[in-house]
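In structure tokens, the next block holds one chain alone, the form predicted alone.
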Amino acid sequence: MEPRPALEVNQLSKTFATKNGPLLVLDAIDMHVNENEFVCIVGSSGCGKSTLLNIVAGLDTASQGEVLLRGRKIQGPGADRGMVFQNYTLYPWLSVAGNVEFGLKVSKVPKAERQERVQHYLDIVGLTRFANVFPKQLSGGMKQRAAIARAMANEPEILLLDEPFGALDCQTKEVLQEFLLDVAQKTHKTFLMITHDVEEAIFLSERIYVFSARPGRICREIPIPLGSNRDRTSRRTSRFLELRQDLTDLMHGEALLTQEAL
């Protein structure tokens, strides 16, 4: 059966007005994410990755083009998209369980269902024992697990991740990458994640879109043929290392082209 796109981005461009005139940040982006697929966008800082994700989330608008979620045009924020940022954005006055439950209360989900969902997603992210703990008592990695549980508890059609592990140390980051891959396999949700970390993108995704430096354009779409049974040893395989080198070389070449054009 042919994969069905959950998310479609069609000829999307974004221009910002500046004191020096219009600034083209995204140029004619065409991409998609299939149902239950994990896709990463990689590119250097300033290439428009976060701008694109904000448009998909409904937090910003495109200058041209459209974004469709299961055939519906995105025209603003909605519970059909969950968002996880690099900064943990947890409410400090709420417990872990309270943070996960917050969006469900806003959506007026019945109490019994709220409690069931909170318990379910705390189990998935391994924070059941910390349900009554407040964010200030958690490590950075645990805060991000709580943020992911909160986003998933609303059961969105797609989870959007904006460099969620960018503020963490290398060891914690690797542990959480393995955790996120496990979550993706357990929940069968659809993920779109942006990162500048080449190794992270290869480890997590089934496909990668590589953005050029500003203006952001898709310069390559790369399938990642590593299968679903990935663990830390996958990073040492010859195929993984080849992909990492190819992707690093591609991004380095894009950076050089940009510098020459300045």
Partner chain sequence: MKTLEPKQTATNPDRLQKPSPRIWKIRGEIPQSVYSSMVVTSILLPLAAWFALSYSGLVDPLFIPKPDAVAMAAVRMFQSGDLPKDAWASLSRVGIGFCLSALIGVPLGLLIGTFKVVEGLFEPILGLFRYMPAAAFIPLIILWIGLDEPAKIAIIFLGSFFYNTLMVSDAVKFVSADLIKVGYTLGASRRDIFFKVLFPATLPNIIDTLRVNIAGAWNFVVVAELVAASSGLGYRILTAQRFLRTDEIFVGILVIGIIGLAIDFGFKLLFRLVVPWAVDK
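Residue numbers count along the first chain shown, from 1. Because the structure is a prediction, the values reported are computed rather than measured.
Omitted here: the form predicted in complex with the partner chain. The next part is about that form.
**Study point:** The single option of 132, 87, 75, 139 touching the partner chain in the predicted complex, heavy atom within 4.5 Å
**Key:** Exactly one residue meets the criterion: 87.
Check your understanding: Tell me, which of 44, 63, 54, 36 has a heavy atom within 4.5 angstroms of the partner chain in the predicted complex?
Key -> Contact check passes for 54.
**Study point:** Stretch from 123-131, 91-99, 169-177, 187-195 whose residues place a heavy atom within 4.5 Å of the partner chain in the predicted complex
**Key:** That would be stretch 91-99.
Practice item. May I ask whether 5, 49 and 69 each come within 4.5 Å of the partner chain in the predicted complex, counting any non-hydrogen atom? Key: Zero of three within 4.5 Å in the predicted complex.
Review point. Does the partner chain get within 4.5 angstroms of any non-hydrogen atom of residue 143 in the predicted complex?
Key: Answer no; every heavy atom of residue 143 is more than 4.5 Å from the partner chain in the predicted complex.
Review point. Is residue 114 close enough to the partner chain in the predicted complex to count, meaning some heavy atom within 4.5 Å?
Key: Although the partner chain is absent here, residue 114 would stay clear of it in the predicted complex, with no heavy atoms inside 4.5 Å.
Exercise for review: Answer for residue 59 alone: is it within 4.5 Å of the partner chain in the predicted complex, judged on heavy atom distances?
Suggested key: Yes.
Check your understanding: Does residue 83 reach the partner chain in the predicted complex, with heavy atoms at most 4.5 Å apart?
Key -> Yes, contact at 4.5 Å.
Practice item. Within 4.5 Å of the partner chain in the predicted complex, which residues of 134-165 have a heavy atom? Give them in sequence order, or say none. Key: In sequence order, 134, 136, 150, 151, 154 come within 4.5 Å of the partner.
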